[in-house]
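Here we start with a single chain on its own, the form predicted on its own, put down as structure tokens.
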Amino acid sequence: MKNILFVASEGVPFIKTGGLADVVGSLPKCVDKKYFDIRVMLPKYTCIPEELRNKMVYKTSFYMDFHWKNEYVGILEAVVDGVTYYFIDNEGKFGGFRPYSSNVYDDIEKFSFFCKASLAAMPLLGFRPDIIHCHDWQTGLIPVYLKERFAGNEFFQGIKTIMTIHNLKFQGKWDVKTVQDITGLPDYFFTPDKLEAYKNANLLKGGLVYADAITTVSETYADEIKMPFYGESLDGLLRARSNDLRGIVNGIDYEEYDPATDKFLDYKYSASTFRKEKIKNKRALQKDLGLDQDDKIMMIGIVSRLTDQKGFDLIAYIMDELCQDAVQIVVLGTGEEQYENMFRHFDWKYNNKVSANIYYSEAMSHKIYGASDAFLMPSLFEPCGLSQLMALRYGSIPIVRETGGLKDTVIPYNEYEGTGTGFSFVNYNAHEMLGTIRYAEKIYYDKKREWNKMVDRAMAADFSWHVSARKYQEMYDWLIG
């Protein structure tokens, strides 16, 4: 039996702000339990819902020197869906209404504490990991501390570390002097070949330098981040470590996202019944949102954070042109004010064609996947992306830009070979995107049988966690040897 400990700043079902939580919550359930015992370590935030906090059982506690103080560290434990979770408790550090602060300094102090406390707690768990699998910059100090103050302790000898990058944009950067003061690490660690980068201390960089292996959340993104445009100033380091870097695409929970059993859908459907049943969800959504009641019109869904990264500047540029076509556009999400207002404006201008839902709702997102014919996702960069995987599962054909996980998971339609599960374009260009949307419209209206076959292929694609879990297992085997 090989023991793996995930250490992360968030994980489903306890706390979630993004895709990282889905990975941390789903992957341990899907690995082969005969060979791997995967457990998860999280901070015990006071903002975790009470019914989940009530599942936690106190295990032990101790005091640890951190940032010139003697700090309390409590360890709690909970078992959910057969997975053991440990929680590091310190209300001073993990209080508040949200897991992350708007001030990076606070987060650097909080997660430096979390890294050190997680390691200090391990000998008390009755579980010695062969591998500590660290996620994103919040856990970047674990491989560093393991080589520093924990190196002399026999318990930690031979433990390997993996650093997974979920989004390279977030790195945990602050000035060297402050980070040195918080972490207690000696000068030796703050050089350009270690934690220092462009005059700042960089916690993610520390993790990438000292981890035994590095992964990210799709094969294409693993290649992209070795180039300056996507590399967020760490491309040189990632090129240097390219032999230890691999991309494994995320999955989605195929029980939660299943149009045949989805509690949020008015009309359930499957790959064999979508031709008759999916249209009923479209009718229901058109009625709910006050759009024209028209079975034949092509409905394009967008469920996203409304930010530059997601390609909304491209959409803003061609929205007037697109609204001249026979399409309906249904948007759900919140984000940058300019894009929220842009969609509100087009909802006002083309009221029977555009529906702007500037909020977030799990139920509405499922309804959009279930009702829409196509799903638009023209990201500037996309480490993995989960929305396109959900769209495929629901037979809503993705229209994406070929970047990161979008390129790895959506096979472009080829009308000569009758292959593909979606439509894609290469350059970050508004009219190239519009051309691709219009090509999709042409197939939808003029070659309906071909479109339906594409839906068949999309719904048959397997992006469940079990596929990704097998690749992680191979990596764990390779690392432990």
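A quick note: this is a predicted structure, and the numbers were derived from the prediction, not measured. All residue numbers refer to positions in the sequence shown, first residue = 1. In this text, the rigid core denotes the largest set of C-alpha atoms whose superposition between the two forms falls within 1.5 Å.
Missing here is the form predicted in complex with a small molecule; even so, the following discussion is about that form.
J.: Residue-level contact is defined here as any heavy atom of the residue lying within 4.5 Å of the small molecule in the model of the complex; does residue 239 satisfy this criterion?
T.: No.
J.: Indicate whether residue 401 is a 4.5 Å heavy atom neighbour of the small molecule in the model of the complex.
T.: No.
J.: Any of the heavy atoms of residue 458 lying within 4.5 Å of the small molecule in the model of the complex?
T.: No - in the model of the complex, heavy atoms of residue 458 and the small molecule never come within 4.5 Å of each other.
J.: Look up in the model of the complex whether residue 173 has a non-hydrogen atom within 4.5 angstroms of the small molecule, and give yes or no.
T.: No - in the model of the complex, heavy atoms of residue 173 and the small molecule never come within 4.5 Å of each other.
J.: Which of 376, 217, 195, 225 has a heavy atom within 4.5 Å of the small molecule in the model of the complex?
T.: Checking each option against the small molecule in the model of the complex, the one that comes within 4.5 Å is 217.
J.: Taking the small molecule in the model of the complex as the reference, which of 167, 409, 355, 286 has a non-hydrogen atom within 4.5 Å?
T.: Residue within 4.5 Å of the partner: 167.
J.: Could you tell me which of 138 to 146, 198 to 206, 116 to 124, 380 to 388 sits within 4.5 Å of the small molecule in the model of the complex, going by non-hydrogen atoms?
T.: Of the options, only 380 to 388 has residues within 4.5 Å of the partner.
J.: Does residue 305 move appreciably between this form and the one not shown, meaning a CA displacement of 2 Å or more on the superposed rigid core?
T.: Yes, the C-alpha moves 2 Å or more.
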